[in-house]
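To begin, one chain is listed below as structure tokens, in the form predicted alone.
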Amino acid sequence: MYRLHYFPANASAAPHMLLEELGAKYELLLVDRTKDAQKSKEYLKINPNGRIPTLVDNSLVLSEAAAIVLHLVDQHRGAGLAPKVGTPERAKFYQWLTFLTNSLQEELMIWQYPERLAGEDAAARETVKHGAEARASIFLDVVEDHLKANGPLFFGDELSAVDFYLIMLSRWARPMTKPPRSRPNIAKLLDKVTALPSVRRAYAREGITDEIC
């Protein structure tokens, strides 16, 4: 049985949705960020970075949401949530997952927490936040263009783990001046994937009952 250390609507959301879609047996373990539990001695023993999520799979302890997603699709290849290893489609799967985590997610994190770069200077924070939002918007436009040509999902009609990852990031990005849903093809993907029972169950288990993204 998997054990997923999570916090509601955190970076654990994509692995959580994936576990539900796979029908895998798992246990949810809350890491309460409101009490800085991610920095506790107990949690740092399994994740020295003090970040969420962490997945425990028997003797394997794995951090970083994208790495957890890759591990899960490899452990459940029959579910078809990633193209076959060695194919051009699999290479594109790696490309999109890396793009979402290294480009879009990175800018969204800067946008949400500008003080990490700007410190206490209010003007500097605003400059950092504005720049990050602008870059995140450009990255969302890249996704929109891809879906317009290849949608409704990242791989046409085939559901993949990348689609779940975009759901997670789109929730974070809802307060943007131009949120993900303002782009028609991203909106189609969001509607299609958030209608899945697995997605509804995952967010419900995290206590989230409002619009997902």
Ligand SMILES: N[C@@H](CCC(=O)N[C@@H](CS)C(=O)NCC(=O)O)C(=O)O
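On a predicted model such as this, the values are computed, not experimentally measured, just so you know. In case it trips you up, residue 1 is the first one in the sequence shown, and so on.
The discussion below concerns the form predicted together with this ligand, not included here.
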**Request:** Indicate whether T101 is a 4.5 Å heavy atom neighbour of this ligand in the predicted complex.
**Result:** yes
**Asked** Looking in the predicted complex, any heavy atom of P53 within 4.5 Å of this ligand?
**Response** yes
**Message:** in the predicted complex, does K39 come within 4.5 Å of this ligand, counting heavy atoms only?
**Reply:** yes
**Asked** Just to confirm, R116 within 4.5 Å of this ligand in the predicted complex by heavy atoms?
**Response** yes
**in the predicted complex, the one of A173, A65, I186, L166 near this ligand [non-hydrogen atom within 4.5 angstroms]** = A65
**Item:** Contact stretch among 43 to 51, 155 to 163, 176 to 184, 140 to 148 - heavy atom within 4.5 Å of this ligand in the predicted complex
**Value:** 43 to 51
**Item:** Members of 3 to 31 lying within 4.5 angstroms of this ligand, judged by heavy atom, in the predicted complex
**Value:** N10, A11
